[in-house]
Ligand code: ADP
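In the block that follows, a single chain appears as structure tokens, in the form predicted alone.
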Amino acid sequence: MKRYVIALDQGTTSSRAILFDKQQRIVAMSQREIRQFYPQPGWVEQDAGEIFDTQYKVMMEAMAAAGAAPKDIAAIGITNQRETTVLWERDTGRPVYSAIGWQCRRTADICRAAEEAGMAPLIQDKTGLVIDAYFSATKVKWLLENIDGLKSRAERGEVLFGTVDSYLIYRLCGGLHVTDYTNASRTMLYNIGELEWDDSLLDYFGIPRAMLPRVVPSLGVVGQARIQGLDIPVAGIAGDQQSALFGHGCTRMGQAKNTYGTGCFLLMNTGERRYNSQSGLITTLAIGEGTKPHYALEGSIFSGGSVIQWLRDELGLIRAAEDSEYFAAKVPDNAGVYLVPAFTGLGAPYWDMSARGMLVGLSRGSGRNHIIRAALESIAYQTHDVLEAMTEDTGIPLSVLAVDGGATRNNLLMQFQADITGCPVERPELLETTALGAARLAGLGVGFWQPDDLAAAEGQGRRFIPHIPDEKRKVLLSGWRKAVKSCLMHSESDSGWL
């Protein structure tokens, strides 16, 4: 009798593996950090080999911690950091260059050229995306143009492209080259209306079709991972944010969640209806109740939990991430101090690749705790801006915001999130929603669970209710908007910034 489903959760800063039992409870977990490299300002790279090695090791460690053998595992689900781009040799599986991270801005000039060529309307119509260095297409183009001989090798089918899910599956399943709808929709190469790779975009970016993976549903067996001589089906694949949406049970129109990870990602399931945003959001593919994908609106915030890491690692204002709540609570408010954390540009709804971070409103009385509080509040302000844009696009007022991710453990941040949006915030008891989504997909894919089983809740968690008056909310938002406006104005000025 199979006893567990294992979720491989490959994130920006760590690789994790989590075993879930029949009751969807966590039985064991293992995690290893992975490195990021910054060879030039605005560039972000990772070692794809390290990504796979750490992911495989934590899978084996989690199984060992649970006393489980491969015969005990019903299925593997994979969820991953999206947009990060890997090119590797078909024959060996060896990466031909570092993985280019989703935060990397090296392709900003390629994006500007595409905008100047009038490609923006076509790209939005076909892919649902805006032109930005965030997405995979320009990363692939950069690699093909800057690595000697790579373009011709790719044309001969010797070099393959994939997001992180593709690379993991290729290595686990003996050369199987696939991705799922959710990850394909993040490449800026996939037609989300026709559900196929788009030849006109491949031609424009100069990307050979031979490089591309086959696109499969997020739910269902796609291959067999050979683990210690036994085959375990890989039966669930989803980009991390769509996986979290599914893990929250947001499979119907109008349901939304926000994940607080390195960045923040707010998604609203819009069912079979596709909304083309007029407010700076993107349209992407999500998971519905069957194998056919749904549409979703998404707001991508580049600096979320990374703001807290910045306080710790670069400024030295806190020793551990959890200290941020303690010090921020020592002051009653931000005293007019605002941080706009545009460390790698501003994402939705502004989409300014050239923006850089700004701290405003400092006075002689401003201190360490005000800066820490401003940093925490910046995460909530950015989320408010995305929610506001989402409501404008859909006309659907949000009744509750489901949340997950490490930063949701910060009660001050969650309460301020509810206060500044005027919307209740629900934090589940089980915060590993991204991994749970991948596990549920895999479990459903092999019949380990049935759809009715997913209704079994882990508990109600905690609900944060807004409690500040509307007038105070308006004052706080006015200060934030002025700070963002100042940041955008500096981005447009001839300041020598990127």
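Model, not experiment: these values are computed from the prediction. Heads up, when I say rigid core I mean the largest set of C-alphas that superpose within 1.5 Å between the two forms. One rule holds for the numbers: they count along the sequence shown, beginning at 1.
Missing here is the form predicted in complex with this ligand; even so, the following discussion is about that form.
Looking at 399-407, 154-162, 114-122, 134-142, the stretch with residues near this ligand in the predicted complex, meaning non-hydrogen atoms within 4.5 angstroms, turns out to be 399-407. Using a 4.5 Å heavy atom cutoff, 305, 308 and 324 all lie near this ligand in the predicted complex.
The partner is absent here; in the predicted complex, the one residue of 355, 207, 376, 250 having a heavy atom within 4.5 Å of this ligand is 376. 261 is the sole member of 261, 341, 428, 101 with a non-hydrogen atom within 4.5 Å of this ligand in the predicted complex. When the rigid core is held fixed, the Cα atom of residue 408 travels 2 angstroms or more between the shown form and the other one. When two forms of a protein are overlaid on their rigid core, residues whose CA moves 2 Å or more are considered shifted, and residue 137 is not one of them between the shown form and the other one. With the core held fixed, the Cα of residue 260 is displaced between the shown form and the other one by 2 Å or more.
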